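This document starts with one chain, in the form predicted alone, laid out as structure tokens.
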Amino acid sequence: MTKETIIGIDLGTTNSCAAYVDGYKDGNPNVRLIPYKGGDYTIPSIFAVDDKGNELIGYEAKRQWQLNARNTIYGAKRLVGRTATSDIVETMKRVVQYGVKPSADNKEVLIEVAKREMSLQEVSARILNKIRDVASNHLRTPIHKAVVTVPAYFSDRQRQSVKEAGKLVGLEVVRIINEPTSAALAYGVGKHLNQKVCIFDLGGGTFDVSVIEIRDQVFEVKATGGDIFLGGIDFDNAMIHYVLREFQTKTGIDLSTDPVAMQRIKDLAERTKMDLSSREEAPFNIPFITMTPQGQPLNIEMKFSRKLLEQLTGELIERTLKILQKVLHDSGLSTHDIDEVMLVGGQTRMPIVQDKLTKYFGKPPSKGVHPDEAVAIGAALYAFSLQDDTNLKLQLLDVIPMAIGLEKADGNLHIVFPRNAPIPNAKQIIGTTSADNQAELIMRIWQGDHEVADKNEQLGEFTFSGIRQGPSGAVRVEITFDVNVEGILTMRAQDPDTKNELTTTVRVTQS
């Protein structure tokens, strides 16, 4: 391997995975997954600090989770790039055992762990660093560069946050690509296909659907959609809430305030959910979960059936199907136009998910990709295509997942790039001054599909200074919005009359 090997990383909400290309085999790139201790190819996306102050990542963090729930960080990917006032942050506070708080300026989300505060980028950086170290040891060469995948429905700010996390540990994120697109690469590279595929990606923390047309080495996304607050964690939580309700009804005791009990229930809920993909019924027993006021030990003794799990999670499954219908509509294609349906993400192993998709498309989903490994494999293939010594030339034609626009005077959103606009993409708009001798122009940029600007995610406040002095409306400013292949926005402005480039100050409410 050369020093410039670029690895592919699937930085998942619950588990992460990495891969690289080791030359060619039978004329096609030979992708290898990077193994961890014990031969596993995935690593839990968990960070912890133990009672001695040691930082633990992956399996080491997961093993001590039950006894150290308050200082064990999981599901942090859901908070990346979020403002402290986001509804999603409020929801997360209610379902995790660790502390989540706003920064002093109320813009950044901070995690409280072992009496210190960490940013989301710092937590992601620790996990990226662990993956990079394992890869370096396996390949026996330093790793400096990676292609990292994100949910297709990640906003501009969330993509920027992933790049920042890489910078914190000296890992250059050379390209960010969308997880469904990456899975399509794993399926299609080297097969000389001409197909339209639907990638249904239901992972631990996020859900994405993309309709992608594959033409040999060209992968064109027709439409994408998703929900970055819908995944396996929510299926687990539906079971947990049921267990808590049943136990409280039976004993009068609320276990939700006991972090150790909650962690034991969470662990068993996840295992039971997995068991019910291959069994119709499974026991749910936890001895000595708590004590009565008189000091008598209490146990949880229940049974879960597959049917009960389906009832508890039916609303979540319906949400995935509504998003699927919308994306298919946006793509301009019908179910009959789709050649293959790919399942990505561990939660797609649930039988009812596969049954619903079989009914919807009139054919069973393909087994053409491994649900846990496809995204990392696709990232590795794309990473290989970026290296100097390859003849693999992949072309990704992706789209913007949510509209990007400016806040108008009436508070509504003026859309610059609509949802599913192709990227890379650039647009120019003309702004004018609204006051005599105005020296600067301030714009607030939002991303989302709501017509009211502040119902969307704020990307930042952009200030253009150095405007020519003149009467109101007489001075024009030409603003160029540029979204690159990674879905990241940059802006520049000039006076079209003088051709002077104006100074741009970007105040992004990053977290």
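Numbers follow the displayed sequence, beginning with 1. Because the structure is a prediction, the values reported are computed rather than measured.
In what follows, reference is made to the form predicted in complex with a small molecule, a form of this protein that is not presented.
Answer range among 393-401, 425-433, 229-237, 321-329 for contact with the small molecule, defined in the model of the complex as heavy atoms within 4.5 Å:
Result for this chain: 229-237.
Considering non-hydrogen atoms and a 4.5 Å limit, does the small molecule approach Thr206 in the model of the complex?
Residue-level check for Thr206: yes, a contact with the small molecule.
Answer for Arg215 alone: is it within 4.5 Å of the small molecule in the model of the complex, judged on heavy atom distances?
No.
Do Arg306 and the small molecule share at least one heavy atom pair within 4.5 Å in the model of the complex?
Judged by the heavy-atom cut-off of 4.5 Å, Arg306 is well away from the small molecule in the model of the complex.
Does any part of Gly405 reach within 4.5 Å of the small molecule in the model of the complex? Heavy atoms only, please.
The answer is no: Gly405 has no heavy atom within 4.5 Å of the small molecule.
Among the candidate residues Gly345, Gly81, Gly225, Gly188, which is the single one with a non-hydrogen atom no more than 4.5 Å from the small molecule in the model of the complex?
By the 4.5 Å heavy-atom cutoff, the listed residue in contact is Gly345.
Looking at Arg419, Lys273, Lys130, Arg175 here, can you tell me which has any non-hydrogen atom within 4.5 angstroms of the small molecule in the model of the complex?
Filtering the options by heavy-atom distance leaves Lys273.
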